[in-house]
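In structure tokens, the next block holds one chain alone, the form predicted alone.
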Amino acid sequence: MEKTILSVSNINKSFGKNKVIDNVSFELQKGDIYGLIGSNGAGKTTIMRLITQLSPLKSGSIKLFDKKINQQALKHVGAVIETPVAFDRLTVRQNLKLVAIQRGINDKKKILKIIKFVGLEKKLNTKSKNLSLGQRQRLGLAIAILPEPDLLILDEPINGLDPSGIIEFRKLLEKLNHERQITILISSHILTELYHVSTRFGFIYNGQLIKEITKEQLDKVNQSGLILTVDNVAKAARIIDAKFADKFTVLDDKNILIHSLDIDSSKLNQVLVMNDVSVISLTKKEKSLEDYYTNLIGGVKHD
């Protein structure tokens, strides 16, 4: 049975006459890595600030473990929003020690374990201001997870990282999710990386949540391959299964997605026609999360 960690219901936010969040609702189940996708100004950061009470909520409700979120509930939430919070003149160890004191954590070994977990053991005594951007992101993550939160909120955590830093950060998130069972809400402009780590996606446009989709559903509608449109899907599927080794998915009563771009399309067409299946079209499909997002936004703009 799924366990709801976070429930956001009908939240709104305006700055003066400018409505930046418009009736947004979504839920995070335990174990989710929920990728929040949207352009600059779409409302991603504002949503995260509302959840963490960095910005006051006046309309709608936000619940953690089915209880209204407040300062007590926020003890179960770790967050890195906008920029990692660390004191420049304190070392990595001192920054974490300060957080431990604030959170009532007396286990010194725990601090060292967290530092090792995020890969900063060689920077224990380095001042925060002397860390690279990637190392500061790691420190911000260490600060956020030190209290062992149930929910981790990360706003653009891989901005400015080089490719190797991005891959390392992705592995850290996967470890947090798989080994520590931490549920994660994350936003990023780098959609390829968001695709790699997320289990579910929410698309924000002009302050509205316009689409939610699981990674499994996204893969089903967005895979590369060949879209075969025929007059008899059931018969075509039987023929492909018998005559070709390629995997395929029946999308609807007209279309089949063949999960390969290497299949001999002329032979496929010939075999189907010879077995009295009319081929209406056979088109190449190469799409990514970016393509899905672009098409989704394009559809909204034309509504």
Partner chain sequence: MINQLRTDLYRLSHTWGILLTLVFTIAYSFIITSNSIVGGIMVTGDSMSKLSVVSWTLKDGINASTLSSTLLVYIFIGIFVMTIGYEFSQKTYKNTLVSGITRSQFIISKYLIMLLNIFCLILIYFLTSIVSGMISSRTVGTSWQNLFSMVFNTSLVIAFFISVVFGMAILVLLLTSSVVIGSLFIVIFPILITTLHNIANWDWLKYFDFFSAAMKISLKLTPSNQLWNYVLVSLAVLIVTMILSVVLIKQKEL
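Since we're looking at a predicted model, the values are computed, not measured. Positions refer to the first chain, counted from 1.
Although not depicted, the form predicted together with its partner chain is the subject of the following passage.
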Heavy atom within 4.5 Å of its partner chain in the predicted complex - residue from N125, Q181, Q71, T192: Q71
Contacting member of S265, N275, S39, Q53, with respect to its partner chain in the predicted complex [4.5 Å, heavy atom]: Q53
Close approach of K67 to its partner chain in the predicted complex, 4.5 Å, heavy atom: no
In the predicted complex, E168 touching its partner chain (heavy atom, 4.5 Å): no
Contact of E82 with its partner chain in the predicted complex (heavy atom, 4.5 Å): yes
Distance check, K109 to its partner chain in the predicted complex, heavy atom within 4.5 Å: no
Partner-proximal stretch of 88-96, 228-236, 173-181, 195-203 relative to its partner chain in the predicted complex, 4.5 angstroms, heavy atom: 88-96
Contact set, 7-27 vs its partner chain in the predicted complex - heavy atom within 4.5 angstroms: K13, F15
